[in-house]
Ligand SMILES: NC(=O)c1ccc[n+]([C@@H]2O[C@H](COP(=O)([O-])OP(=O)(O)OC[C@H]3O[C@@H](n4cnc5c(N)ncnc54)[C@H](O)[C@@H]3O)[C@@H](O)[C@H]2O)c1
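Only one chain is included here, represented as structure tokens and corresponding to the form predicted on its own.
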């Protein structure tokens, strides 16, 4: 079929949070967008709210057969694929000692297995289009640990950064760029469900730029990594964390107040 937009993007976990913000941002950047989510109603809602050439698809990214069928539908519907955003993810809160094996397995299958399945399945379409961009939504937990999730989440996001580097090296031959974004504390529905108001306020105090990261902040970086302005970026990870990674664990205003008596006075 004739392609209706210059670029087509597939966003997994597109029904909420960072995924929904990314769908909106890519659509605003003149992309046709396939909104993929395990929650059919959520995908439909985001596609409808986005308008333009945004369409909803239902798939569990941990299920390779579903991923393959979804990629076939997307490429048939849109005539190709240029951008893949691997955003779908889940988390649990058990300690390592208490973690049920089912929790370990499911988080690894979704958060690491899902990006592998989607990327491998998308390679033929990306090659056919002469290259493309893949953005994996990892986390600063992949560089440190997760404070709101479990060891399974940390392990999966660490693995996703490794997958990003290796895929970037192998796929450069085809003009396919693979990068990762590492959000810091992002106020998504998953985080809100796993934290209390007091915990969220405490976390915000640790962010040097003064607030939780919004899904739109991450989406802006994804759009950059998906477009021509990042043409020579591949195999890299980009922190979107408000300075959280350079924090020493002290509330930012307390740290600065000890060094500048005027910091908190205005």
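What you see is a predicted model; the values in this text were computed from it and never measured. Positions refer to the first chain, counted from 1.
Just so you know, the form predicted together with the named molecule exists too; it's not on screen, but the next bit is about it.
K.L.:
According to a 4.5 angstroms non-hydrogen atom cut-off, is residue 242 in contact with the named molecule in the model of the complex?
P.N.:
Because no heavy atom of residue 242 falls inside 4.5 Å of the named molecule in the model of the complex, the answer is no.
K.L.:
Does residue 112 reach the named molecule in the model of the complex if we count a contact as any heavy atom within 4.5 Å?
P.N.:
Residue 112 lies outside the contact set for the named molecule.
K.L.:
Is there any non-hydrogen atom of residue 88 lying within 4.5 Å of the named molecule in the model of the complex?
P.N.:
Taking the distances in the model of the complex, the answer for residue 88 is yes, it comes within 4.5 Å of the named molecule.
K.L.:
Given that the named molecule is not shown alongside this chain, does residue 18 nevertheless sit within 4.5 Å of it in the model of the complex, heavy atom to heavy atom?
P.N.:
Answer yes; at least one heavy atom of residue 18 falls within 4.5 Å of the named molecule in the model of the complex.
K.L.:
Taking 82, 230 and 235 together, does each of them reach the named molecule in the model of the complex with some heavy atom inside 4.5 Å?
P.N.:
Negative, none of the three is within 4.5 Å.
K.L.:
Which residue, 176, 186, 180, 122, has a heavy atom that falls within 4.5 Å of the named molecule in the model of the complex?
P.N.:
After the contact test, the surviving option is 186.
K.L.:
Considering the named molecule in the model of the complex, which of 56, 59, 225, 27 comes within 4.5 Å of it through any heavy atom?
P.N.:
That would be 59.
K.L.:
Name the stretch: of 192-200, 71-79, 153-161, 126-134, exactly one has residues whose heavy atoms fall within 4.5 Å of the named molecule in the model of the complex.
P.N.:
Partner-contacting stretch among the options: 153-161.
K.L.:
Within 114-142, which residues come within 4.5 Å of the named molecule in the model of the complex, counting heavy atoms only?
P.N.:
137, 138, 139, in sequence order.
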